[in-house]
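Only one chain is included here, represented as structure tokens and corresponding to the form predicted on its own.
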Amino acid sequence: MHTLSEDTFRRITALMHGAVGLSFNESKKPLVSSRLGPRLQRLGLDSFEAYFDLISRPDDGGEFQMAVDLLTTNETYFFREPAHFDLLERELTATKPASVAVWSAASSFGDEAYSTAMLLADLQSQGRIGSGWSILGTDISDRVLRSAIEATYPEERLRNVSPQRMRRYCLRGEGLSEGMAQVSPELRRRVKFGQLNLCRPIEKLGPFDVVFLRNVLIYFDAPTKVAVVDRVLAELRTGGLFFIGTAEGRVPCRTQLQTLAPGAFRKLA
């Protein structure tokens, strides 16, 4: 087993913070070691120091992006925190908008974006919203975005998807693909994905009616959280809905928000 020294841990985390805004305090040292350790073995490197030297080079062969992927991949699944989707359904049913633009700002493998697409497709078919809805998913990780575009998942990840929605929006695998499911082509066409670093200035993407920024703020220190949230909220129209993880507490931002429920807010100005 490779040992991650204090000095190399600080160098790796300083590199991550400076490049992409990720913040890892001392308590995260075991996580960094466990996530990156197997990568050292696969590359045939004999130390974390050698790995740091690799990812800090301009000609790293894409390894820095791999390290970011390994350090930021979270558990994700469809219809996570279902109360948020229930609130979204109620809000849209009350207003019956002709169009809805949604941004999944830390989309990971696409579970959140496709969950939202299933909901919006249902609401459209029931006449509760118009047909002009769209979803954009962004993430810093190219690897998870490629997986999101493919949209193939273990069925365990779809455990919160109703049987009716499974039939409407998913194709179940057979034979060697048994236990897997792929989102239908019709639904995939309604969701676009792109790579984006939330710690950098954002080219005009909005305005959006709904923004999800859930379970990503844990990776940032306090000043970065404020900057990221305000940057994201600038793309949300006044009156739009904003969601963070229910366990993430108060929203760290300067933008005026009204609390609707745990992790759910309306932009006031």
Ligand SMILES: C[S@@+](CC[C@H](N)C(=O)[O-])C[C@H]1O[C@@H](n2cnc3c(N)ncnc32)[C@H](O)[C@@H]1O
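Given the structure is predicted, the values throughout are model-derived calculations rather than measurements. Heads up: residue numbers just count along the shown sequence, starting at 1.
Unshown form predicted in complex with the named molecule; subsequent notes refer to it.
**Q** Would residue 220 count as touching the named molecule in the model of the complex under a 4.5 Å heavy atom rule?
**A** Although the named molecule is absent here, residue 220 would touch it in the model of the complex, with heavy atoms inside 4.5 Å.
**Q** If we define contact as a non-hydrogen atom of the residue within 4.5 angstroms of the partner, is residue 80 a contact of the named molecule in the model of the complex?
**A** Output for residue 80 is yes: heavy atoms within 4.5 Å of the named molecule.
**Q** Residue-level contact is defined here as any heavy atom of the residue lying within 4.5 Å of the named molecule in the model of the complex; does residue 115 satisfy this criterion?
**A** No, residue 115 is distant from the partner.
**Q** Quick one: is residue 170 in contact with the named molecule in the model of the complex, heavy atoms, 4.5 Å cut-off?
**A** Residue-level check for residue 170: no, no contact with the named molecule.
**Q** Taking 106, 141 and 214 as a possible spot, do all three reach the named molecule in the model of the complex with a heavy atom inside 4.5 Å?
**A** Affirmative, all three are within 4.5 Å.
**Q** Answer with one of 74, 177, 162, 125: the residue that has a non-hydrogen atom within 4.5 Å of the named molecule in the model of the complex.
**A** After the contact test, the surviving option is 74.
**Q** Of the options 101, 187, 199, 88, which one has a non-hydrogen atom that comes within 4.5 Å of the named molecule in the model of the complex?
**A** Going through each option in turn, the one that passes is 199.
**Q** Within 4.5 Å, heavy atoms only, one stretch in 91-99, 147-155, 133-141, 177-185 touches the named molecule in the model of the complex. Which?
**A** Selected range: 133-141.
**Q** Can you tell me which residues in 9-30 come within 4.5 angstroms of the named molecule in the model of the complex, by heavy atoms?
**A** Residues within 4.5 Å: 20, 22.
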